[in-house]
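What follows is a single chain, given as structure tokens, in the form predicted alone.
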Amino acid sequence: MKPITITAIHLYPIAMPYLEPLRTSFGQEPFKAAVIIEVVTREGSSGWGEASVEINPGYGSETMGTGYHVLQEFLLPLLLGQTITSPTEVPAHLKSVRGNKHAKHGLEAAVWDAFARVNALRLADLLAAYLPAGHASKGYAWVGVSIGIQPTLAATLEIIHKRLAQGYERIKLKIKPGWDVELARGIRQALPDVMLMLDANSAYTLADVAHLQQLDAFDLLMIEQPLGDEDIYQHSQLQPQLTSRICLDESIKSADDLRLALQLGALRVLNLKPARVGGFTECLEIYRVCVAHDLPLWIGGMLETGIGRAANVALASLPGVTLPCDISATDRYFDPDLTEPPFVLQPGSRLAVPAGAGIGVTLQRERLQAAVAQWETTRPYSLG
């Protein structure tokens, strides 16, 4: 494949209003924040990535402030001027900077996009080129929808019926203590056959085992991240006490974390978020581990704009991704999005992989500038 040489990297801190806010056990972000990254190459193509950092350190420790600072001062200088013969080289270039996985992912994703564009490949096909034979992209991602904490059961059911009518086949509900067992019971009574999972975002402890066991009665696809966000060991103590499958999210930040979790019996499903693990190179290693262990896998999201969503759809289209992913259609999030064309839900609860090279969508620069201006207007703190 043709190498690329990086001649410039631009950062765009953005803010965008959500069409519908998402409330979880650790709160609600007032708007979509991210750092959009443009990697410019000598070969004449730009690649786009999205550092899915948040305003507050809720889901993870990174924020808009830390992400922008680490990118600008430490990560960008390590890639400027570099000739890249494979996107999998990027982690080695960034190795001297510890942590900051969301920031690293955004930068690495922009390189993957640029490399794919220069080589006239879809990102999905470029990712598959690093996997064994038989792992070519299916051409679509099987997706579901995530519903935040609502004020009442009736309000939750109203949204579920709306999403089912739109064609989504899997429903994920956010839960927390006091909003869990009765919620699941009410949903099951109303919708006995819906594909249902619950996401706790680390809201429980081992002291809640007997309470969590009550959820086994509701035929759940999985319970996602019930215990601490840094924990693997206690999940290994919880899983044998549940018939429901535990899915780990926040706990798994690398392929080695996954290997440990498998050895300890801490999970039976994995939610893989590229931002959480630092980039697509690590995603591919995690994917290989899942395939080798027949571990059910799905791709999570960080409510990304069309830039991050397109990249996630490419990864989710690989055949080792076996469960519906948290990558809903564009009209679930933004109007308008930063990119065109929008992602539209297809029959079978699917999103198609765009046909164009790279991530396959076109950034609308006037919308990007409007989102940058919106950050400057609404930002809760300075980026320095």
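Numbers follow the displayed sequence, beginning with 1. A quick note: this is a predicted structure, and the numbers were derived from the prediction, not measured.
Here the subject shifts to the form predicted together with a small molecule, a form of this protein not shown in this document.
Of the candidate stretches 125-133, 289-297, 88-96, 193-201, only 193-201 contains residues with a heavy atom within 4.5 Å of the small molecule in the predicted bound form. Although the small molecule is omitted here, in the predicted bound form none of 112, 119 and 356 has a heavy atom within 4.5 Å of it. When contacts are judged by a 4.5 Å heavy atom cut-off, residue 101 does not count as touching the small molecule in the predicted bound form. Proximity of residue 249 to the small molecule in the predicted bound form falls within the 4.5 Å heavy atom cutoff. Using a 4.5 Å cutoff between non-hydrogen atoms, residue 273 counts as a contact of the small molecule in the predicted bound form. Contact annotation for residue 326: at least one heavy atom lies within 4.5 Å of the small molecule in the predicted bound form. Among the residues 283, 267, 303, 75, the one placing a heavy atom within 4.5 Å of the small molecule in the predicted bound form is 303.
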